[in-house]
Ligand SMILES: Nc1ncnc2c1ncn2[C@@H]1O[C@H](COP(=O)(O)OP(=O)(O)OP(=O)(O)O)[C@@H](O)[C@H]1O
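Presented as structure tokens, the chain that follows is alone, the form predicted alone.
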């Protein structure tokens, strides 16, 4: 059996906030196989970015973490200093939402891209520059040699995000974490950047966790998709089936709330407001917004279980399949 590149099991994270611990992730279990892309979708505050930061071990001091995060069979949460540095340098790379917030504005693009390559002293400056010029060519940045002398403010948002992709690929990682990499870009540039990212991921056989609000985009670039709500993974399945035949009311609600050009039926928003993991009730985390809630849902948290080849955390998944609708739904009392 092939070892997953990433296997997260029952991850629970609490962070210190004003002298008290608050839960930000309740129960996250995910696997990503070699060369596989997994999309992670959910509303703002559901815990998507916190999951990525947990994988990188970039949580604030005082964070409390239980569960396991296995990278190629080794638990990231128990890695000592040198192993953790090696993991961050060679094992995993992250692409963030806003490239301008993660590039030093007073250093050139060339300095930014070559810094990590030169760190261990195994290559010369000329060799490092040649490598990053090749990477800039791959990500579609013209006149790459001249770009190395430029500063971040001299590049558009789309070009700067391509620089971030080049930086992420420079150390040849096995796992790529893409945290809403196109959020700050216009629609046309989003398509170009995602096409480049997806092509390079496939060519390099990278595993990828792709975080997004866009279910259509997740389905287009991912092999499987996981839906997340209030710090809990509530459904996981292959991209095609999850997109057309979701089993969890929350996933159906996300799909129904998408605006579609030319659609005859108006988008139907999910009643109520998204809750944080720290506000989650003892039962199902979606209970307060679900029109199909029962007393069992309110008192007993459903586990992520297999239903017809997919994973879903819903007590009524089999019973409700194919009948879920938020049309005319009111917020549960």
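Positions refer to the first chain, counted from 1. A quick note: this is a predicted structure, and the numbers were derived from the prediction, not measured.
The same protein also has a form predicted in complex with the named molecule, omitted here; what follows describes it.
Tell me the stretch among 49-57, 65-73, 31-39, 292-300 that has any heavy atom within 4.5 angstroms of the named molecule in the predicted complex. So the stretch in question is 49-57.
Let me know the one among 256, 198, 180, 214 whose heavy atoms come within 4.5 Å of the named molecule in the predicted complex, would you? Of 256, 198, 180, 214, the residue with a heavy atom within 4.5 Å of the named molecule in the predicted complex is 180.
With heavy atoms only and a cut-off of 4.5 Å, decide whether residue 45 touches the named molecule in the predicted complex. Taking the distances in the predicted complex, the answer for residue 45 is yes, it comes within 4.5 Å of the named molecule.
Proximity of residue 312 to the named molecule in the predicted complex, heavy atoms at 4.5 Å: Answer no; every heavy atom of residue 312 is more than 4.5 Å from the named molecule in the predicted complex.
Does the named molecule get within 4.5 angstroms of any non-hydrogen atom of residue 24 in the predicted complex? Residue 24: yes, in contact with the named molecule in the predicted complex.
Should residue 317 be classed as touching the named molecule in the predicted complex when contacts are defined as heavy atoms within 4.5 Å? Output for residue 317 is no: heavy atoms all beyond 4.5 Å of the named molecule.
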